[in-house]
Ligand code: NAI
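Listed next as structure tokens is one chain, alone, in the form predicted alone.
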Amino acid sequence: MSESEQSVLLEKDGDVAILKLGSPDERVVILSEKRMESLQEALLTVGKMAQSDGLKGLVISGAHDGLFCAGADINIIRSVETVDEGQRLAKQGQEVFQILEDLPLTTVAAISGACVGGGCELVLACDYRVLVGNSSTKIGLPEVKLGILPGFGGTQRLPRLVGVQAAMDMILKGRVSPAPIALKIGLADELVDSPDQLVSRCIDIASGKRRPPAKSLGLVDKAIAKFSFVRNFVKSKIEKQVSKTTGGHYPAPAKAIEAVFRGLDDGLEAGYQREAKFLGELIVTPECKSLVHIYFLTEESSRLGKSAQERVEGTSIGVIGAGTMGAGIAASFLMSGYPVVLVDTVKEARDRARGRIEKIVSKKRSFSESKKKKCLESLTLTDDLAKFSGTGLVVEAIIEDLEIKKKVLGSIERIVGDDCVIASNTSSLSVTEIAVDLERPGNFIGMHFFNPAEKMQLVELVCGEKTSDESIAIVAALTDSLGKYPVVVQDVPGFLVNRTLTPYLVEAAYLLSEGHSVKEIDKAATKFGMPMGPLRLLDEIGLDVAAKVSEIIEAGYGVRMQGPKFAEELVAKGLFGKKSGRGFYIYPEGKGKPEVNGELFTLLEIEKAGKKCDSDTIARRLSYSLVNEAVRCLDEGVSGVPGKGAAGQIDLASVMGTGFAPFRGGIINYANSVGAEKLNKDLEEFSRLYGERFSPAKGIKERASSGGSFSV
């Protein structure tokens, strides 16, 4: 990025100055150190103009429509190595934004596009904020998702503007809100219908020709601000909730709470000092570095389909199979602006799919009612395959039966155009085998969504032997446009995610067979940082589905993937997991909390254990099972040529696909943090105690001897 692209531009319109955050050529504006210096210089100039030229106001805008500010430079966060350096950066940002707040004139932020992180903290220092009310405008403070807290004054200004309750919700959840929500909570003062109206409206406000409606805090927030005993009560309640949610794994939320309430108790200056101190402490933590690592992996993933982005614009999508996955896939495309043709031969299935899609769309918070309606109007439900004519992508989501898939896909290929890509959502079958009879196998690819498809962020792009690079790029571009992350993997049994996950689930079954309780096993996993335990996960997947996938993976890899057949046994007894209301857990109707199935040990004929493993050993047995298989995948090239890029693909897939603890940065990042030597030693000990399935992968043994990294 050139120096001119890191600067700001200052113009004058009558008695109002207009400060543009960047040049028209920039696609993303970030607050680099160079731009912060340029911003400070421009603000000081505005201050002088107010004194000498009678300037009445300042409007801060993006360089063009849809471009405001994406926040601080994440590369800086990644590079900071000392607490002092982090604290210095925070104080620098605070000082620049304080200059803005202290200007002796009316300041207005004209916001179109993303206004997040440091960009949001910048506009908090303005007197007013006017937003374009379209779907591309977002505002918020996502810093906690990078393991830090807002460090340029956000923890102090936001609670005073919108109240403690709304501010803590934004800060602790890293929430980024659409324009209507920002207006509702008081973060925005006005909305305009189009970008064309934005700057002129802001100039009117800055010049004093108009004033937005005055805002005031609610009674509860006024009480929080005024009475220390109310603050203490609210703080205690928030701390308990955060501790429960994070499990103590993420230090940033606790620090953010302390910074906010320190400022309310002792004043702004004390709050700013605590904020800067905490940013310095957090920015060097392993949790921050791991979360930043994941952030950059998501950025790399979004570039996989860059070459095909223009080609996929305006394309239409076909989905065959109106079951749970097909409906979720269709809804994902609809909500991203694509017209969808959903085909199923069974009318009842189509009707259920319509109801499910309507429910999914209705829950989209950022959509207006008119947009929801338009979205659903783009859906065609039919039993006629001919409707796929003219589509750019058809996704197959039918029964996991090889011969049925081959027959159906052959029929689709004869209908669609020569440049249409056909994808299978198979979770277990060979993509190469499915494509064996197709006339254009280069146009065929695996597009493995995870359940629920409308929510899960990972999509595995599975390459058959003849899948073309162009097909990969097209499907990657489409996946990115859904707000999901594509990872490109090879066609091996289980692909990447299910292959690495299987030993983890198998080990949970072994632990259960030894007499460890469901609660002990799942609690050890969640304490490690997994979103849910392995036995609860099996219930969520569906024990019938898990049993079928396990059978295929066991056939592909043999004894190390074999384990107790508890899923099959429960299915034989009519227990399918959550969808049947009973599995390892019992699921009450409605929203009740699931309870461990008290009959489980009797049903599975398991004897209670004598000597048990402690929680730490259970967690290591589970996590090392993941690591061992992930290293095999890495060295076999399942996620690409072994090295940093392939390791990153596995890290991203493990976090977005299996829920592997984000604060650990993914499986390979975790393996590096443990170290090959310790992993090798522990796995050899586990192999001696629990079985050959723990025998260290060749790549772990080699790196233990050489001292090598898993990411090189």
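What you see is a predicted model; the values in this text were computed from it and never measured. The first residue of the sequence shown is number 1, and the count goes up from there.
Missing here is the form predicted in complex with this ligand; even so, the following discussion is about that form.
- With the partner omitted here, the stretch from 397-405, 624-632, 135-143, 592-600 that lies within 4.5 Å of this ligand by heavy atoms in the predicted bound form is 397-405.
- Highlighted residues Ala322, Met325 and Thr345: every one comes within 4.5 Å of this ligand in the predicted bound form, counting any heavy atom.
- Under a 4.5 angstroms non-hydrogen atom cutoff, this ligand in the predicted bound form has Asn451 among its neighbouring residues.
- Mapping the unseen interface onto this chain, Val571 falls outside it, with no heavy atom inside 4.5 Å of this ligand in the predicted bound form.
- A residue is said to contact a partner when one of its heavy atoms sits within 4.5 Å of a partner heavy atom; Ser112 fails this definition for this ligand in the predicted bound form, lying far away.
- None of the heavy atoms of Met335 is located within 4.5 Å of this ligand in the predicted bound form.
- This chain appears without its partner; in the predicted bound form, the one residue of Thr315, Thr246, Ser302, Thr426 with a heavy atom within 4.5 Å of this ligand is Thr426.
- Of the residues given (Ile257, Cys613, Ala349, Ala477), Ala349 alone sits with a heavy atom within 4.5 Å of this ligand in the predicted bound form.
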